[in-house]
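Coming up is one lone chain in structure tokens, specifically the form predicted on its own.
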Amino acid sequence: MPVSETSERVAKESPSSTQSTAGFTVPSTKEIIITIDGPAGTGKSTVARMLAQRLGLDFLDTGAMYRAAAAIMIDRGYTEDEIGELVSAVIGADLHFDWSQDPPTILAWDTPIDHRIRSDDVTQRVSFVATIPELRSHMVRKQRVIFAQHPRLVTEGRDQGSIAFPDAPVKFYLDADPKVRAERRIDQLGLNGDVSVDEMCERILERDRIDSSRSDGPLVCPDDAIVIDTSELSIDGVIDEMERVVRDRLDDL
């Protein structure tokens, strides 16, 4: 994956060398969408939520939508041959978020399911669910509706800057060393002692392969995205750099 000059500079900075510009918020009259794409374990969800908080914007976790679909598949007993039934069930579930919560809680059939979507069985099925073209088309439509309702948004996923919002004025792509990503994913899912770093690394690399090679909405780095390697950066260091980019871009919007 090619790395931009910005990301090369960021990757070389130590966390302590990145001066915080906390306190800046996007003017309340300004509509903006910021996309953050990248593979699993790069810190997209955490960074997107914290960046949204800092800038005074809403936060959309599109991965939660696909995880919810995977949970529906498992809990309703759909097989990989029952794509039509699964897609119909997901559409009927009317996946949406409770924006009064931080982070927003995802609901299916008006019932919160956040407790379910981070389970290991869901993690192992979500890559298959994400390859279903009809499902991806439905999710992208819902994401665009969400932006219409929340026109000041930080959204993260794997196709946000490339497919869902190709005209977004600010795009980021996060990357990191696979073993670092594996360690983060184990910690995120509470699997310490249950899954080894090597095993999780294999899972992540397989997910990368599937995401990058699918025909519909593949994981790609948008040409106009700023790439940041998060392997050795603190969360604050990543967010500080993103904030600086947003501040600069706002002058042109």
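Predicted model only: the values in this text are computed from it and were never measured. Note that residue numbering follows the sequence shown and begins at 1.
Heads up, the form predicted in complex with a small molecule isn't pictured, but that's what we're talking about next.
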Next item on the list: Mind telling me which stretch in 130-138, 99-107, 144-152, 75-83 gets its heavy atoms within 4.5 Å of the small molecule in the predicted bound form?
Entry: 130-138
Notebook entry, point to check: Do Arg49 and the small molecule share at least one heavy atom pair within 4.5 Å in the predicted bound form?
Noted result: no
Notebook entry, point to check: Would Asp211 count as a contact of the small molecule in the predicted bound form, using a 4.5 angstroms cut-off between non-hydrogen atoms?
Noted result: yes
Notebook entry, point to check: Ala176: heavy atom within 4.5 Å of the small molecule in the predicted bound form?
Noted result: no
Note to self: I'd like to know whether Arg181 contacts the small molecule in the predicted bound form, with contact meaning heavy atoms within 4.5 angstroms.
What the structure shows: no
